[in-house]
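What follows is one chain in structure tokens, specifically the form predicted alone.
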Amino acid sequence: MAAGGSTETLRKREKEKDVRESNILAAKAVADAVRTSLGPRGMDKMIQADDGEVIITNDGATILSKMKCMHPAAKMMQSLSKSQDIEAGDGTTSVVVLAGALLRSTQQLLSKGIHPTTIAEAFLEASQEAERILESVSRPVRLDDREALIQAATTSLSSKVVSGDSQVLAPIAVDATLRVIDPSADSNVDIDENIRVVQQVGGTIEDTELVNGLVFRKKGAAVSGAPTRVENAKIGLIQFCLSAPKTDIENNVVVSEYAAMDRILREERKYILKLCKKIKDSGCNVLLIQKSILRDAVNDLSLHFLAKMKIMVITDVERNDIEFISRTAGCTPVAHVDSFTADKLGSASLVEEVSLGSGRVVKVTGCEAKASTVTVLVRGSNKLVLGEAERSLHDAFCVIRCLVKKKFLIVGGAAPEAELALQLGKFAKTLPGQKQFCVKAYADALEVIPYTLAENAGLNPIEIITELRRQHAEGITTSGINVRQGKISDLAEENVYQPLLVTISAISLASEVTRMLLKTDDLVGVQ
């Protein structure tokens, strides 16, 4: 009986070990896949979707969100990157690489017979101590110190495809973020609600500009006689269609004679003219028309009438943009022509159609609503460059948002991780028993960031790590890897700074996922 019980316990332990091993291997595989894209000299990934769409990026969150993962632990790594993207916006590759290194260290600890719960508790203690150490080596920053904010944004952009244009994009990211907040009162920034990024093919990244107002991409051919520039604009936003009504999908209208056809066309003309006159009577001279699914939002006849009335028309306004436009221009969306009155109109000092490269855009500037909104017009030679520029700008916005949330900076270039490895190694010696062993393993795992940075930059990782350890042991806490010069240098003098929140969030989230996978001992399928 006792022998049977011990065999069952052994099997149970073997199963626990197999499940844990499987989880760790799957998570490490995801970490290894994105590891080569870490840092300024990291490689880019080309992602091809099922529909043939191609994306070239080295943004960890984008790579992982497009990756097809079947294993639950691999999906957890995808969620980890997404969480870091939501919390900090940057460090999405670092957090996954860090989690992979921590899981690798847990494998060694488990093989030595240390219980998973003991490892999890030690890792929690180590991550809390790491936060305290990081706060002690950080420096405060004021939101009115524009240069410091630009340096932080430039550091974020240095690892992107568009890093060569960071001197253009970093100031735009800083100015855009600061315009939509009150620096003295706000503790967060709603980037998606207050900042719009509009892509336009043509020109180069250097032509990217910040517009204090709205930008619309102009679609379709120009209507003869329609205005292309309107000063002292009165802007109307409609959600009804300027086209003849249609029958239900199941019904048809059969016209059997020319007289009836003429009558229908005449009635259609009268109907559309009546709508256009009501719009004109309200005082509107710039009309925004929401895109319609059921029928044409606007037709050639209505565009002709509006052009005769000297009303500029902007069509195909997306439903998602309605609230942003309303707040920026100060206009109210109108769902029926009877409600279209002067009090629903917004105003702007200038609405102008501009030709850019192969297309045209309409810029709305000088809005009287004084809303906390801005638009960034991104230019580039093709859609791949534009897509990566937009993702890079989003990361730069998030870096400034991190500094609004937590107004502290630390140096980059793996200097914080090297300092943490040193200080946590000292902290481990103060702990009793197996905890000491676990915290030491945690400290060693943090060195994966400087190791990977050096490896991706084509440097000798062993030499770099050894020199980095020596300088931090001598008390130079700002020593980090200068990948441009290929050596260790004082990165505070090089002005390589990043938000404290990015590193704290990465360490906290990576530790949390590691502890969760450690405590998982079975995989249960459900019907």
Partner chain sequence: MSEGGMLAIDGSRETGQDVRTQNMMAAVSIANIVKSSLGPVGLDKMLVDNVGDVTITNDGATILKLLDVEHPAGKVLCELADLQDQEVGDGTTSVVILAAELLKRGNELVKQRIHPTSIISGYRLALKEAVRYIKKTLTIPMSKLERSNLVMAAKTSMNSKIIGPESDHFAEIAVSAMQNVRTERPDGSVRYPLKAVNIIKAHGRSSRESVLVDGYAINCTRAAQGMPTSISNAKIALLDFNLARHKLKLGVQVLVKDPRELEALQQRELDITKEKIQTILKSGANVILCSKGIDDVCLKYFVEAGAIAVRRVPKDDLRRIAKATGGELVLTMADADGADEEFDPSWLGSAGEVSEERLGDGEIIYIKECVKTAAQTVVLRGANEYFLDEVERSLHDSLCIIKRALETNTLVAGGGAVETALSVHLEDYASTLGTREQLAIVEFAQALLVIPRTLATNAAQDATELVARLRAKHAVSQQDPAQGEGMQYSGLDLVAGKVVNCFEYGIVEPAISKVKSLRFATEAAVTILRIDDSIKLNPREEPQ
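Residue numbers count along the first chain shown, from 1. What you see is a predicted model, and the numbers here were worked out from it, not measured in a lab. Only the largest set of C-alpha atoms that superpose within 1.5 Å between the two forms is called the rigid core.
We do not show the form predicted in complex with the partner chain, though everything after this point is about it.
This chain appears without its partner; in the predicted bound form, the one residue of 232, 184, 256, 117 with a heavy atom within 4.5 Å of the partner chain is 256. Proximity to the partner chain in the predicted bound form, defined as a heavy atom within 4.5 Å, holds among 327, 291, 269, 278 only for 269. When contacts are judged by a 4.5 Å heavy atom cut-off, residue 50 counts as touching the partner chain in the predicted bound form.
At the 4.5 Å threshold, heavy atoms of residue 476 stay clear of the partner chain in the predicted bound form, well away from it. Proximity of residue 111 to the partner chain in the predicted bound form: non-hydrogen atoms within 4.5 Å are absent; the residue sits far from the partner. The shortest heavy atom separation between residue 462 and the partner chain in the predicted bound form exceeds 4.5 Å. The candidate site formed by 30, 301 and 384 is fully in contact with the partner chain in the predicted bound form, as each residue has a non-hydrogen atom within 4.5 angstroms of it. Annotated contact segment (heavy atom within 4.5 Å of the partner chain in the predicted bound form): 67 to 75, selected among 92 to 100, 442 to 450, 123 to 131, 67 to 75. Residues of 87 to 104 include none with a non-hydrogen atom no more than 4.5 angstroms from the partner chain in the predicted bound form. Once you line up the core between the shown form and the other one, the Cα of residue 272 ends up 2 Å or more from where it was. The Cα position of residue 192 differs by less than 2 Å between the shown form and the other one after fitting on the rigid core.
Residue 211: CA moves less than 2 Å between the shown form and the other one after rigid-core fitting.
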